[in-house]
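Read the single chain below, which is given as structure tokens and is the form predicted alone.
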Amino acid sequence: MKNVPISYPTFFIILPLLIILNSALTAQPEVTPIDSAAALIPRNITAKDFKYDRGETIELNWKPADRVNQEMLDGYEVYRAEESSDSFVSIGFTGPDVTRFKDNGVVSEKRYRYRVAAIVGDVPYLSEATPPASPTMELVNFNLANLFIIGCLIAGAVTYFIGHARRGKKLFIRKIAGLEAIDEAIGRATEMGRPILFVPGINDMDDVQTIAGITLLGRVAKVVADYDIKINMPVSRSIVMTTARETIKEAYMGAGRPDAYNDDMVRYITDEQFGYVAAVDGIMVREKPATCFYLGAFYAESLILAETGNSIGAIQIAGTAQPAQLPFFVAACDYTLIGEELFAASAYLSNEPKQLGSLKGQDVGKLLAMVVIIVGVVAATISQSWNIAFFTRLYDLMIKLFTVQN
């Protein structure tokens, strides 16, 4: 194939076309000049102590810039420097829609300055430095004023009812069938000449349910000492054993029969849950107690114990604050102390003014909470259904009353 020479006129026509084509192919995408970069820099930046903390936080707030080219903004970078230094160090990054930042890395009583940069790509557009700010600790947190008022109301109610009881005025306490039946159940064991079994749960003395069970043991042991019948108390914790022995011993001394007390009334079995339950079941089958008390913290063993006691025909009084175990006790026992009834038993049986006053004062707190919940539900329902401003404000008030403000 022969080379065809290009004439000069053709060359001068093709060359400009090639230059234009090359420019079109290699041209970079047009970059919108960021004449609005300055507008992206946050404005009105304020740095101040975060109220009601321990003097370890400074809060920054700023106003976002104009929305021109806002889609180009990747976020805000926050920089901090001590007052005497011009070396600003990055301490955090926020999204483009965030206008607030909490600096938790400051030291009380030191003063700090801040700059906030608008980040576009990898380029920061820095703001001016803020005036120095220092974190301080406030002695009183007024955001918790609502809880303080509620606490004062409950404490005032407790104080009032304790004084009321000390003056000899009778406080109404709802009758609890399980506690009323204690004397009857022990009397039945006396008539039958059979022992009493007392199980204080499987937790140690650091559990409030065990403490409540031992408190009731004092009442049971007092009647047992008066009636001169046998009590058998197998335990799964050594400290519970020691406490129970002292409780029963004190009851016998109070009845004027210290010689009738025997340490073998309380026996340590084992810490292992089902090994303990198997041993207690064996005691129940062999000795056939006339009355069984289950008062304390129970778990999977609750139904095993209650069913065994039911099979030997014993009167059973149970009490626990474990919600999952209550149905088993209710089904298999004659009387069941449900939840807080176990904790109220000491005040119920002793009629001691401090305990009775505390019990009634707590009831006032529960009543207050119940009233607030009912009023809040009604207000929320009406405000949502009919959009009545009064009920909307009432609902907001109920929320604030029981909410901790940040």
Partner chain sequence: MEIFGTWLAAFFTLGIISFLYRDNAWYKLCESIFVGISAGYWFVTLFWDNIHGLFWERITERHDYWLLIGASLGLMMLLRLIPPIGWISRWPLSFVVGATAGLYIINYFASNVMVQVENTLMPLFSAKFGDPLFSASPYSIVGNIVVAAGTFTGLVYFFFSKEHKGAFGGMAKIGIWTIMITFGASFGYTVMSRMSLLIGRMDFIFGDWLGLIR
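Please read these numbers as outputs of a predicted model, since none were measured by experiment. Residue numbers count along the first chain shown, from 1.
Separately, the form predicted together with the partner chain exists; it is not shown, and the next lines address it.
Can you pick out, from Val330, Leu126, Met137, Val208, the residue that has a heavy atom within 4.5 Å of the partner chain in the model of the complex?
Looking at the other structure, the residue within range turns out to be Val330.
Picking from 248 to 256, 330 to 338, 218 to 226, 184 to 192, which part of the chain touches the partner chain in the model of the complex when contact means heavy atoms within 4.5 Å?
Selected stretch: 330 to 338.
Considering non-hydrogen atoms and a 4.5 Å limit, does the partner chain approach Gly151 in the model of the complex?
Gly151 belongs to the contact set for the partner chain.
Close approach of Asp49 to the partner chain in the model of the complex, 4.5 Å, heavy atom
No - in the model of the complex, heavy atoms of Asp49 and the partner chain never come within 4.5 Å of each other.
Taking the shortest heavy atom distance, is Asn61 within 4.5 Å of the partner chain in the model of the complex?
Judged by the heavy-atom cut-off of 4.5 Å, Asn61 is well away from the partner chain in the model of the complex.
Going by a heavy atom distance of 4.5 Å, is Leu326 a contact of the partner chain in the model of the complex?
Looking in the model of the complex, residue contacts with the partner chain include Leu326, since a heavy atom lies within 4.5 Å.
Residues within 4.5 Å of the partner chain in the model of the complex, restricted to 372 to 400 and counted by heavy atom
The stretch 372 to 400, when checked against the partner chain in the model of the complex, contributes Val372, Ile373, Ile374, Gly376, Val377, Ala380, Thr381, Ser383, Gln384, Ser385, Thr392, Tyr395, Met398, Ile399 at the 4.5 Å heavy-atom cut-off.
Might you say whether the CA atoms of Gln209 and Leu356 end up closer or farther apart in the model of the complex than in this form? Their distance differs by 3 Å or more.
Note: Cα gap between Gln209 and Leu356 shrinks in the model of the complex.
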